[in-house]
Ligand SMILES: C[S@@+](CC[C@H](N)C(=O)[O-])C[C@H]1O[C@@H](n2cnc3c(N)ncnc32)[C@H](O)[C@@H]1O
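One chain comes next, on its own, written as structure tokens: the form predicted alone.
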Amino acid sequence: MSLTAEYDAFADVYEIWTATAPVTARNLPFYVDAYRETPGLVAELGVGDGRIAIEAAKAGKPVTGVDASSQMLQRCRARAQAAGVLDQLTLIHADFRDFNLPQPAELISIPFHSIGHLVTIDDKRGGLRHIYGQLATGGRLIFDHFVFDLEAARSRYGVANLRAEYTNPETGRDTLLWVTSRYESETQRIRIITWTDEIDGVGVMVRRQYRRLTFSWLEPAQTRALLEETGFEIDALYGDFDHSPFSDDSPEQIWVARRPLEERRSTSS
């Protein structure tokens, strides 16, 4: 199943998924502040249902959102319309590796670990090269990725966890969202399997639906090497969304990289 098809199938639980991820409360103000502080075009890759972009738009900052899933973009439009900021968003249906912006961006972001959806090193390299070409000289790329703990992952391998309990707005039924993951250390891939159980008034499961996502992880040294190989200058590496320095105990690797200004100088000379 392609990434587009995976996220089309995942769209109906995405809002619950993000609401129950502890990192989203921390990454929201970090990205909204970065967007608001950027004077030119801001583009968010993997915009999803607009959780971050809509908050920036409500604060007065227009955002261009890119996503490979048409279902996610439909939900983003609906949420932006309800928030009264649809005119502040430009939405593009495209992959990270082939999107085209209306003008070079001053900031491109990839929030919520979404670079991991480019599952191979070659995919990530191709994505970063394309992003580089969509930035203005001096423009920044900001993205985050978790710090993967293989031993902790092995302890959770194949274990089903209850992610959320909620009422399905379409059916009115109580719904349980479950998740389990499989890890491939050789390829650094994660197979995330989620399913929802809808329960009737007497506690009988009346519907189960499975969804699958393919993901990957990067070690910090790999990330640095890819950024440098694709031409970026690295401005900062944070260990969390409070801008704390990266260390061996950091839960996140948050990269701020830049298309070098030297290109501007050499072009004008």
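Predicted, not measured: the structure shown is a model, and the values here were computed from it. Note that residue numbering begins at 1 and tracks the sequence as displayed.
Omitted from view is the form predicted in complex with this ligand, to which the following refers.
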### Query
Is there a non-hydrogen atom of residue 114 within 4.5 angstroms of a non-hydrogen atom of this ligand in the predicted bound form?
yes
### Query
residue 96 near this ligand in the predicted bound form, any heavy atom under 4.5 Å?
yes
### Task
Spell out, yes or no, whether the shortest heavy atom distance between residue 54 and this ligand in the predicted bound form is within 4.5 Å.
no
### Query
Can residue 89 be called a contact residue for this ligand in the predicted bound form at 4.5 Å between heavy atoms?
no
### Task
Please pick, from 179, 135, 118, 85, the one residue with any non-hydrogen atom lying within 4.5 angstroms of this ligand in the predicted bound form.
118
### Candidate site 239, 244 and 255: all three near this ligand in the predicted bound form by heavy atom within 4.5 Å
no
## Note on the structure
Given 44-52, 57-65, 219-227, 196-204, the stretch touching this ligand in the predicted bound form at heavy atoms within 4.5 Å is 44-52
### Query
Along 10-44, which positions have a non-hydrogen atom within 4.5 Å of this ligand in the predicted bound form?
14, 18, 44
